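Take a look at this single chain, the form predicted on its own, given in structure tokens.
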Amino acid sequence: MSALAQTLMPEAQACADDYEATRKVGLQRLMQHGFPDQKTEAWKYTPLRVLEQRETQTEPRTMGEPAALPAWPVAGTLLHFDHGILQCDPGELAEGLTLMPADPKALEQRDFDALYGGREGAFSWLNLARFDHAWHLQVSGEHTVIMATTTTDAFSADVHPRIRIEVLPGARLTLLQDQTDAGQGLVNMNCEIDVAEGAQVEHVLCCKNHESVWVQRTDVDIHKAAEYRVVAFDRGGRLTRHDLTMRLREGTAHGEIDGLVVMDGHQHVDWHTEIVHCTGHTNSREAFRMLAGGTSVGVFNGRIHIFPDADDSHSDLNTANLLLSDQARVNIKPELEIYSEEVTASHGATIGQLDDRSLFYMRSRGLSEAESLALLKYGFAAEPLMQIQTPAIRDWALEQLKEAL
């Protein structure tokens, strides 16, 4: 057993509840595959040394007062995961929202091997082996849900929140997911979103991490005539990894991904996205941007996978990246895997620095160097956030961007 496995899989007493069989599957696969190293292709540019050098503590489940929550630009139903524990009374949700424990039998019947794979999915297996509660949220009608994940300065444990969101036919969901950490622990989250026929989801994911290690996997299934749009704004962290997989399951399904990462200092941010066209007559689009300063390291791996016979599928992937210092690095890898002939798919990728000519032009118009740099960076970074469809959230995110820059 590796040192990391010994750290994250202590010999604790087994939790004997309805999810015990599912946890055993997760533990068996984790022990079988092990944790990734830099020979693992999906983790080639993201070493786990930071996590290996820390000693996570087994904390009591009662953490005292929950972490303070920020102000959000919209009102909605709050799902607050504080130190991995959901601080919410299922009976107090608005009409049309139903929160319940996940069905243990349904979890046992899931084909997690096909979903998580081998060593590259180690943290998903770890989540399956160590989660305390698995939650299931059903959405009907039109709702705004704020899903906040927080930790305090004393946080030094590893926690594994898990939730499945089922958006029923014809429903509309605005999901604002806000992540803010403190302390030096591990948050390893798993989120599944099922968008039923004719449903629409706008998912805005804002991350503001510090010294904790954050790992999240998001799996999205999009069905007939359904739409899912996600805008991610990641402000960096000591070590952050997000795997986002979007599957277009039925014809006329539509999915979009817009992402922005702003890094500085010694931060390391890794985004792996995958768009899977399971059938024909489906459409997708992805645009992802990174700004890297200091000695930060950014990783972006974007993959488009079009199945055989998925004719009349259309997909576009573009990533543009800006290096703000000589020591910053960005590793990008766009991938197209196409097994059908009657499709249109494209990708583009660029890495560059701020244009000296643009900087000179702005200086010649009376702006200071600091003002010129800020405007150039904002102009490059704002585009993904402009895709947020809810005006109040869009304005709030743009203000957050100004603060970050």
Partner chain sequence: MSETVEKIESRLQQRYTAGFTTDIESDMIRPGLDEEIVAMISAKKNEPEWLLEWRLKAYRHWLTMKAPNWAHLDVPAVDFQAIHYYASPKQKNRPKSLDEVDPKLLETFDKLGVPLHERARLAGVAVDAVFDSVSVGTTFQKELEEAGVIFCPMSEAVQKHPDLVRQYLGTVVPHTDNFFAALNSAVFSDGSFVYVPKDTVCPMELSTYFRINARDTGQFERTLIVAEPGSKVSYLEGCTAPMRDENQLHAAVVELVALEQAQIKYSTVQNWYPGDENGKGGIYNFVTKRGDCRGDDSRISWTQVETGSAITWKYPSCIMRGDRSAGEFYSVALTHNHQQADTGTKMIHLGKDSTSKIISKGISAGKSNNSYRGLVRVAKKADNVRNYTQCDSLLIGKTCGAHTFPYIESANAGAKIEHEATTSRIGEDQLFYCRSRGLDEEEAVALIVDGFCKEVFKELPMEFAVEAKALLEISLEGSVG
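Remember, it's a predicted structure, so these values are computed and weren't measured experimentally. Residue numbers count along the first chain shown, from 1.
Just so it is clear, the following notes concern the form predicted in complex with its partner chain, a form of the same protein that is not shown.
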| item | value |
| --- | --- |
| Touches its partner chain in the model of the complex: residue 343 (any heavy atom, 4.5 Å) | yes |
| Residue 281 within 4.5 Å of its partner chain in the model of the complex, heavy atoms | no |
| 4.5 Å heavy atom contact, residue 353 and its partner chain in the model of the complex | yes |
| Partner contact for residue 323 in the model of the complex: its partner chain, 4.5 angstroms, heavy atom | yes |
| Selected contact from 207, 244, 193, 328, since only one has a non-hydrogen atom within 4.5 angstroms of its partner chain in the model of the complex | 328 |
| The single option of 303, 172, 249, 254 touching its partner chain in the model of the complex, heavy atom within 4.5 Å | 303 |
| Answer range among 151-159, 232-240, 199-207, 305-313 for contact with its partner chain, defined in the model of the complex as heavy atoms within 4.5 Å | 305-313 |
